[in-house]
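The form predicted on its own is given below as one chain in structure tokens.
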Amino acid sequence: MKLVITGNPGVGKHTNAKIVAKKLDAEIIDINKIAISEDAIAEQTDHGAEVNIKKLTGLLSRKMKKDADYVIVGHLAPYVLKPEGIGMVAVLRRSPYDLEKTLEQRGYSRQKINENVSSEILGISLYDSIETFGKRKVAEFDTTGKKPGQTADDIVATLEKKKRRHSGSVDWLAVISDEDVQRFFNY
């Protein structure tokens, strides 16, 4: 079993991945850690690290054994993983307002906050995951107001087919004001 947990920064990917991996007795593969430790960073820019996608894709392919269980975590998953062998992709989503607060607490610049929040509003991680892995493999989870254990339980239940996979049900545009849309998309 290979489970991917992806989504924008600040939605709870790593926290939930640790809980899910423990429940499933699976190894965690952290895409970001591999990119850094295996020197798959192409360059540092004002906007952050640019990853060598081709190199990172190859590193991940070689790291995963065919018959081992993995929880693969990272926002780059749709860009560096191949769909073959992936059982399910959990795309974590979070209210733009909560996400903004989390990213502020992490010390992100206003530009980086707006880039990530606008990406969340538009559902870029969900869209890219569906494009890469196919709609049947993708499940969307709203982490807003939930403890990580609740989301992890939902992920495991969905993986074990005790809950149905849903994607495309989160609509942040319906809950944010026009004024906030302007603020979040101004960068």
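Model, not experiment: these values are computed from the prediction. Note that residue numbering begins at 1 and tracks the sequence as displayed.
As for the form predicted in complex with a small molecule, it is not shown, yet the points below apply to it.
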Given 158-166, 145-153, 62-70, 130-138, the stretch touching the small molecule in the model of the complex at heavy atoms within 4.5 Å is 145-153
Mark Tyr108 yes when one of its heavy atoms lies within 4.5 Å of a heavy atom of the small molecule in the model of the complex, and no otherwise.
yes
According to a 4.5 angstroms non-hydrogen atom cut-off, is Ser95 in contact with the small molecule in the model of the complex?
no
Residue-level question: is His14 within 4.5 Å of the small molecule in the model of the complex, judged on heavy atoms?
yes
Is Asn114 near the small molecule? Define near as a heavy atom within 4.5 Å, in the model of the complex.
no
